[in-house]
Ligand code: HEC
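Just one chain follows, in the form predicted alone, and it is written as structure tokens.
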């Protein structure tokens, strides 16, 4: 949250007390008239890679947030006291978290510190320092008691009076944190709302430095990172095409950055490197939020966004060699819309190899996903088992966030003459009647490739989520009996999906974590394309581990009272670890492979109900 005048005055009072305290001084006196403040929601990863959203703990009786810092003696010596308080109050529904905003500490070093000193709390790593700044943090070893009923701070200060700079008592004479918790859980206002905390100074970024301007820095970030979706007719719910747009949406932009709802990239930045990474850097996030909190200053010079020509999503790989358009689909304003299946003869007059595909819905708001599979002609052996049409048999796919799929060099998928394209269409009601006429663009290869490009992966259809379960865990695994090269990962769950990981178990006994999405979001079904493709030798087992949240704390959950099993609809669940791979070509090369643009040209076909 922006630092209000009340917060600033409180911080100044605390800072003055800290400056006059010397080594070995007596514990600081009570801070009078400390104002309670509402804490805005935020999202951070902890030292283990798990994701935490503050407001997720709305069912807690209280949240304790303790400021941790590596190497701080008062933090290290204070943890046993905090442990004792947790032992008493965690059974009463109090959630205990730590926060690290030190610029010199990173996740790995925080994890090492936690292991060395027996700190088993989630330590939220605030690398942008935006959370610490909003709370007015100046030193470590400060504890906050936050009341989830209204998200107000009812106490901030030290755990007790046992520790001081280079001095400590055997036993505390005052137990500030425990007293505050006892009062809060009893519905009372703590008698002491705040104390000056003893701890190590946190080197926060200079809050008085000049904030970035729109023309000087922010417009460039928005142009590079956001405008692909936030364009008129695009996937984003609103367009940002000028300074006026950006200023009008500035508070919302700040909120979704603090909670990490945007950008829609759920991969843990500490696991793997991906070619299509759209996440913001720490500096970019800081720049945008500081700009918003400074009042969104425009700056001098032209408006770069307004000067640029913006268009809705189009063919990213150039004009396709073949365009297949489905008949216009009509959707009601409300209700559950069943999956639709359309069968369209592939408009090719010879066998062709495909080097890329892209699906473009005409209505992004109503289109949940589109999958396309191939029904091969009689006498042609499909490269997948008959019961795996929507796993190994996926030819092209779209979900929010999906991009054009250019197959790796030297690879392709065969589309024989006489094939049928099977479209699986999933639409959602938007509150008004909608229509959609999705297009499938297909790009031809010049010659038969050496390797075949496939979508495959582990699946578990036996999931059964109990009502109210916050962390139902399940896994799926698959052993591959041929050498293959892994290119991309595409985790798939529905509304209850919470986190998803891929782990490779190699024939030599070693293991490797390939992808972790600790903040899985069903609304953004993303593929994660490896920056460097990975060779998986025959005998490699891929293990996918998923966590589902069927509780009321999951804001996407349609009904936490229901037992949830496998099913097609979004209110059902799935556990699929899609992977895109290349392996030696299994399908026979056709006698006449169409060169790019030489076969059917640009065509359109109408849809007939299956």
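These figures come from a predicted structure and were not determined experimentally. Positions refer to the first chain, counted from 1. Whichever C-alpha set is largest while still superposing within 1.5 Å between the two forms counts as the rigid core.
FYI, the form predicted in complex with heme C isn't displayed, but the following is about it.
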Inset, instruction - Could you tell me which of 336-344, 273-281, 493-501, 404-412 sits within 4.5 Å of heme C in the predicted complex, going by non-hydrogen atoms? - result: 273-281
Inset, instruction - Work out which of 225, 534, 247, 470 lies within 4.5 Å of heme C in the predicted complex, going by heavy atoms. - result: 225
Inset, instruction - Go through 75, 394, 253, 296 and name the one with a heavy atom inside 4.5 Å of heme C in the predicted complex. - result: 253
Inset, instruction - Classify residue 313 as contacting or not contacting heme C in the predicted complex by the rule of any non-hydrogen atom within 4.5 angstroms, answering yes or no. - result: no
Legend entry - Non-hydrogen atom contact residue 151 with heme C in the predicted complex at 4.5 angstroms: no
Legend entry - Interface membership of residue 237, heme C in the predicted complex, 4.5 Å heavy atom rule: yes
Inset, instruction - Using the partner position in the predicted complex, report whether residue 524 sits within 4.5 Å of heme C, counting heavy atoms only. - result: yes
Legend entry - Core-superposed C-alpha of residue 367 shifting 2 Å or more between the shown form and the other one: yes
Inset, instruction - For residue 429, state whether the C-alpha moves by 2 Å or more between the shown form and the other one after rigid core superposition. - result: yes
Legend entry - Residue shift check between the shown form and the other one, rigid core fit, residue 71 Cα at least 2 Å: no
Legend entry - Sense of the change in Cα distance from residue 402 to residue 494 in the predicted complex - at least 3 Å versus the shown form: farther
Inset, instruction - Specify closer or farther for residue 429 and residue 261: how their Cα atoms are spaced in the predicted complex versus the shown form, given a shift of 3 angstroms or more. - result: closer
